[in-house]
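Given next, in structure tokens, is a single chain: the form predicted on its own.
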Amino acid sequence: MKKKVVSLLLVAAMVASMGCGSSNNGGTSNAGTSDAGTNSGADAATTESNEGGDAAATDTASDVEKPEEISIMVDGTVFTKENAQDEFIAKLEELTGIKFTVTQPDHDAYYDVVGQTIASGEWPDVMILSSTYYAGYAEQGVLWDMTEAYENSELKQRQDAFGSTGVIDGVRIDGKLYGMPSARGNGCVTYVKKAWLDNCGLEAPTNYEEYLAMLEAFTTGDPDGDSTNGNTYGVSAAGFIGTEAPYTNYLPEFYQDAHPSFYLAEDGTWKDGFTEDAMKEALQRMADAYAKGVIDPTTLTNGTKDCRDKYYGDEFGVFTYWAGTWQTNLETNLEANGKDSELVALAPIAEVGQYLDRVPPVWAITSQCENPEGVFKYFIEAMQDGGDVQFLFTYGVEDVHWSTKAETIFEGEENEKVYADGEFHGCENLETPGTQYTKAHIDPMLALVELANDPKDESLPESTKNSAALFNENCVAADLVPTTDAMSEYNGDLTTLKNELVANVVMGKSTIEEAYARYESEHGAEWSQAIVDSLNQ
């Protein structure tokens, strides 16, 4: 049976293509999809002018027709209207000489709208897709094969020279490319409020016993020193299980070595980790912690923005979220809310071992696009030109998202910052006053092409650099999973059943034994085995 490389929830993409799409809140960022690692909009920063790089506005001799207009569908990883999207697009149009029409659904509902759009038959020229949906749409013929265009492009040369070949190879499907990452995938690290640790007389945990003790202290004690604050919780997350690979991102200390879905075992065979003892042990850990009250009870329905807002309000103390720039964003927003802002980024506890680096989202050209070669050359390539357009996608618009002017930001406030003439810095966030932009769509710490005159070394806070370094030193790439006919047929219903069983066990609505009995009786075990058999043929 023919296999194609995809990430785990392929059938979710199939469902989306039938018109009802699954919502993805796996990483809400104010600027891009899957907060996951890209940060934008409300918690980001950008730049527009980059001397020394080749700007995409400069047309080169080519037999590829330059498009007059390109329609794009984007999530929150691209600046929203509230964060000066109009100015961003105007600058992009100035640099490229192309008109852009933007469709931007609400970030948490993005994949619902993508599914509805595909079902309608009226497709944009380009859309951002997480790895989950990318593979499914590629298989269905929704996406244009950009392999030849990429192999003959200057973009490939730039990425190869920067050591990014492995990232690109990681999104190939049967050796072909149907989408282009703009950055590495990134992953999550666990952030703990240092003031809460200090108030509870605790050190950063190094194993699960210490981790759980910390959660209990944050829940039952007075970690924030504010007796009027009401209930606090140890930890919260956007769901008990993630909506995209690797699914364990937001609660790694509970999952440890468990795999909620299919993975490649050390013996070279594919297995469904949901059926293994490690998963049952993970469920028991979460159920016990939930019963003790240390997990925020709204975790089941939280989106990532819900979690961020609660974190800024000191409603909980431990938040596993994206490495790098997001540590700075979290600290800045805590400060803006009058809270102690110092965070401790944890190395993986002993039982976790390594954090997981996700497969990156991609920009994909749809097969309805009338001039895909032109869109690839003048938009996809331009986004990583090493010059002005990449600078725009990395930092935003000058004097809107970033500046080098001498100025004082937040004058008279506790977080007042003074910048000298020529000193690169983020402007005050338009959507979240009291905070600064830190980046745009492309995280400078995750870039795939060297950016000329990149100010990141001077402008990025040490917390961002340290968080990224900690993750890079303690991560392993998440598994990619082949797709088969059996997976396409069964994995959608199987995933829905698994997610419901996980929620029921964690919230005490059923025992583990009852959940797995239902897994058997409602065909879960049968569907799972059919998929495993097809993967191992």
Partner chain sequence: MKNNKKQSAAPSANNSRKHLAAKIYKYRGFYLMFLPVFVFAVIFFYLPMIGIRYAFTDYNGIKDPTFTGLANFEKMFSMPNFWSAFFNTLQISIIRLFLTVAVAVIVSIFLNEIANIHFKKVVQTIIYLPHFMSWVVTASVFSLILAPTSQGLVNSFLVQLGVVSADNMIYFLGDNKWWRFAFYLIGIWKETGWQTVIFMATLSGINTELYEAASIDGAGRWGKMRYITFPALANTILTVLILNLAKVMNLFESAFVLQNDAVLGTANVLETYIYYQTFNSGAIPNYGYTTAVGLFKSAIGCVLVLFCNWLSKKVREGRGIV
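For clarity, every value in this text was computed on a predicted model and none was experimentally measured. Numbering follows the first chain given and starts at 1.
Although it is not shown, the form predicted in complex with the partner chain is what the next lines describe.
Given the partner chain in the predicted complex, answer whether the residues 101, 126 and 399 all have a heavy atom inside 4.5 Å of it. Not a single residue of the candidate spot has a heavy atom within 4.5 Å of the partner chain in the predicted complex.
Which one of these stretches, 217-225, 132-140, 165-173, 371-379, sits within 4.5 Å of the partner chain in the predicted complex when only heavy atoms are counted? Only one stretch qualifies here: 132-140.
State yes or no: in the predicted complex, is some non-hydrogen atom of residue 152 no more than 4.5 angstroms from a non-hydrogen atom of the partner chain? Looking in the predicted complex, residue contacts with the partner chain do not include residue 152, since no heavy atom lies within 4.5 Å.
Within a 4.5 Å heavy atom cut-off, is residue 453 in contact with the partner chain in the predicted complex? Result no; residue 453 lies far from the partner chain in the predicted complex.
With a 4.5 Å heavy atom cut-off, would you call residue 496 a contact of the partner chain in the predicted complex? Although the partner chain is absent here, residue 496 would touch it in the predicted complex, with heavy atoms inside 4.5 Å.
Residue-level question: is residue 488 within 4.5 Å of the partner chain in the predicted complex, judged on heavy atoms? Output for residue 488 is yes: heavy atoms within 4.5 Å of the partner chain.
Out of 301, 157, 408, 269, which one falls within 4.5 Å of the partner chain in the predicted complex, going by heavy atoms? Contact check passes for 301.
If the cut-off is 4.5 angstroms on heavy atoms, which of these, 241, 307, 282, 318, is the one near the partner chain in the predicted complex? Spelling it out, the residue with a heavy atom inside the cut-off is 241.
Though the partner is not shown here, which residues of 502-521 have a heavy atom within 4.5 Å of the partner chain in the predicted complex? 503, 504, 507, 509 sit within 4.5 Å of the partner.
Outcome for the Cα pair residue 303, residue 136 in the predicted complex, compared with this form (closer or farther; change of 3 Å or more): Compared with the form shown here, the C-alpha atoms of residue 136 and residue 303 sit farther apart in the predicted complex, by 3 Å or more.
Over in the other structure, so in the predicted complex, do residue 269 and residue 140 pull closer or drift farther apart at the C-alpha level? The difference is 3 angstroms or more. Distance between the C-alphas of residue 269 and residue 140: shorter in the predicted complex, by 3 Å or more.
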